[in-house]
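Form predicted alone, single chain, as structure tokens, below.
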Amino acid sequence: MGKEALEKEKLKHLLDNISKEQLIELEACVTCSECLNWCPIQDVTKDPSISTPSKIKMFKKFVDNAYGLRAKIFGPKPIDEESLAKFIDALYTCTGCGGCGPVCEVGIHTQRLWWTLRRKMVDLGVTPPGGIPNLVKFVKETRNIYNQPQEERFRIWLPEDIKIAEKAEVGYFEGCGLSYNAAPMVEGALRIFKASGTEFTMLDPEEEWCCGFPPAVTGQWEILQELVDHNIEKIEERGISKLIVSCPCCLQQLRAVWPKVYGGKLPFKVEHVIQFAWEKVDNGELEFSKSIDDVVTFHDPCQLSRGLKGPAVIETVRKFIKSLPGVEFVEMERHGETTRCCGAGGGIRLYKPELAMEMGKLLIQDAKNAGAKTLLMCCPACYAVYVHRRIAPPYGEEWKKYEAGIRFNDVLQYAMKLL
């Protein structure tokens, strides 16, 4: 038996920390396969063997091996290496977008389930596939998933005319993805702060560590306590009572995971930057003096529209976009809770970048079908895929050459040009 097969002793812990609700969900799947019609992976692979029902079926077989009638009589049956490899491949050939959840006929919260099962496998000693383990390695070494020097974080994007207060009630948490992979998004947010007359503070470059989302979504939780404790301590030292976050994944992590790791309610409120921007427009503190003739659509990021505890910003972002002078807003067929994943999340770009590229093409076609000239977004992973065209080699070069026939931009970067 291979070294990553699950032995009898490990099987005794197969259901540890899996909630009663999730155990019910595992039994609830009726294999109706409605989820296959909404899965971005299925859109490009047409492979039901790695679908939601198949993953659930495989894990239930593991449970039967550990706790079923045969196991009660003869003891747990080890899981062979081939079966485990198939399950791990299916579990990680997934963006974690949760698109299968809202359409589930029996209400399975699939996004949360995949997080739990990935964590369970890692806890049992199974190594995630591809380059995914490097996420934790890099965070341990450089405190960000891109393995870049912390001291250079601000140098990438901080404009000279933007002033950051030493302490303030409003704080801004930009996240690794924006700093190193989507720097113009940060400038857009800070220009909104300045234009609305908002005093704000930020952690120093060396003080802000990864929020922990990439390790968490890939099941690698061992580093989370250190990251959460450090970041909360530094945020409190700045006197922050409201923390503004741009990255949907960071927001997901702060709202849904940090309180669990911290052990209670956070000592500050967390708000998405689009909510903040719309509040300023709505109360007259932020006005646009320029106009643009453009037809735009908006891609709802998965973690804002279907996150574990995501804020209700689906309508808010549309109100903000429609407030931009001269802009005509058109809606893609799939939006809000049924938004199509762009293919950037869940570690898929590290594991199977070719699938990320093909999923990216489908979203572009959706935007063009809606009649949009510009596709707006507010997620650094989406931004990196569409604006910078960053997908792992050898597919990265092919993706950069792909003719999209449409423009891409971050919502606030787009809006700041109209100030």
Partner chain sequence: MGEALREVFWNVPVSLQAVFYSAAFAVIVIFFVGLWVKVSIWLKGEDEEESPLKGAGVFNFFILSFSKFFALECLLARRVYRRSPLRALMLAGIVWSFIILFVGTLLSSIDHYLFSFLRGNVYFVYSFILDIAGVVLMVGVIVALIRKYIIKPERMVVSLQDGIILSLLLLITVTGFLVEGARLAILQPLNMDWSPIGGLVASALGGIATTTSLKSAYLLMWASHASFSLIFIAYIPYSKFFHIFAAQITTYAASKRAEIRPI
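Model, not experiment: these values are computed from the prediction. Positions refer to the first chain, counted from 1.
Not on display, but discussed next: the form predicted in complex with the partner chain.
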### Query
Only one of Ile108, Leu84, Ala90, Leu117 has a non-hydrogen atom within 4.5 angstroms of the partner chain in the predicted complex; which is it?
Ile108
### Query
Any chance all of Leu324, Gln365 and Ala370 sit within 4.5 Å of the partner chain in the predicted complex, going by non-hydrogen atoms?
no
### Query
Does at least one non-hydrogen atom of Val257 fall within 4.5 angstroms of the partner chain in the predicted complex?
yes
### Message
Contact with the partner chain in the predicted complex for Lys234, defined as at least one heavy atom pair within 4.5 Å: yes or no?
### Response
no
### Message
Whether Pro129 contacts the partner chain in the predicted complex should be assessed with a 4.5 Å heavy atom distance threshold; does it?
### Response
no
### Task
Answer for Val103 alone: is it within 4.5 Å of the partner chain in the predicted complex, judged on heavy atom distances?
yes
### Query
Since the chain is shown here on its own, which stretch among 175-183, 135-143, 156-164, 334-342 would lie within 4.5 Å of the partner chain in the predicted complex, judged by heavy atoms?
334-342
#### Entry: Heavy atom within 4.5 Å of the partner chain in the predicted complex - qualifying residues of 32-47
Cys32, Ser33, Glu34, Leu36, Asn37, Trp38, Cys39, Gln42, Asp43, Lys46
